[in-house]
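This document starts with one chain, in the form predicted alone, laid out as structure tokens.
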């Protein structure tokens, strides 16, 4: 499997505490080991207070690019929070962009503080679909809760990304990286989360 374009611009986003930076770095390590040039940029915002967080990955077989994705230049947006999907689409979307979003919402700080309202979820989903060439949704948080560990929502979403076959990385490569990164006591749970994610779109 090869990239759809070169460079391929990937955004992984969510809010602080959801673990999107972990999966962005995992994807980056695997691609680098597979011979891709890779640049990663991270924007943390008010991460500690549930603010927006995203990682931009620029991937190429030819040469290294700067880490910042040009406005309107995303090929794929992977998001742990649907409003964050829409927010990133407004800056980096285009007629060919593909999105993969968790269906579970996470209320931004402004909503929790009563300064703003969260959009209607059905309207939010329709807006994402209208602004994406292909919009995939997966109940990553719901599956993680079924597994007894909401913290692995990010791994469920990573599994969905594998199942959708949008990147040249394999399930085995992800498991190998996990085995070298996570403590042994956490591996089985994360493997289960990965498999459940794959099954949502495979």
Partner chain sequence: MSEQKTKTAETQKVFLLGNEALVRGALEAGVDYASAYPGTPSSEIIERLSHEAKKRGIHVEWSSNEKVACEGAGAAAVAGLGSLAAMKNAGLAVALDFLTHCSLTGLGDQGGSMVVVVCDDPDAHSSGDETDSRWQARFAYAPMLEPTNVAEAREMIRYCFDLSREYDCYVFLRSYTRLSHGSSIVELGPLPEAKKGQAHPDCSAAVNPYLGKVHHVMALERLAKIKEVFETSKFNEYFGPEDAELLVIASGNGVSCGREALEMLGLEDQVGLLKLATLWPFPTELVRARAKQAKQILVLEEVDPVVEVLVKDALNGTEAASVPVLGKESGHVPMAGEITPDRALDALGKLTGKTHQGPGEAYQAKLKQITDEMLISRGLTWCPGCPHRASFWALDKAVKAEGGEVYVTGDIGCYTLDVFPEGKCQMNMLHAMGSSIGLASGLGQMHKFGWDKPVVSICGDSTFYHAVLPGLVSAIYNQANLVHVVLDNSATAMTGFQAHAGVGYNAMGEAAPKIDVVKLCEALGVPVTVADPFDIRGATKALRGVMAEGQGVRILVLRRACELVRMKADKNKPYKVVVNQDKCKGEECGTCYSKFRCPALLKDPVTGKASIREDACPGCGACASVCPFKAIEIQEVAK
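None of these values were measured; they are calculated from a predicted model. Positions refer to the first chain, counted from 1. Whichever C-alpha set is largest while still superposing within 1.5 Å between the two forms counts as the rigid core.
From this point on, the text means the form predicted in complex with its partner chain, which you will not see here.
The candidate spot formed by 134, 171 and 188 lies out of contact with its partner chain in the predicted complex, as no residue has a heavy atom within 4.5 Å of it. Shown alone here, residue 94 lies within 4.5 Å of its partner chain in the predicted complex, counting heavy atoms only. Proximity of residue 138 to its partner chain in the predicted complex falls outside the 4.5 Å heavy atom cutoff. Its partner chain in the predicted complex is not approached by residue 165, whose heavy atoms all lie more than 4.5 angstroms from it. Interface membership of residue 29, defined by any non-hydrogen atom within 4.5 Å of its partner chain in the predicted complex, is confirmed. For the stretch 164-181, the set of residues having any non-hydrogen atom within 4.5 angstroms of its partner chain in the predicted complex comprises 173, 177, 180, 181, in sequence order. Core-aligned CA deviation for residue 115 between the shown form and the other one: 2 Å or greater.
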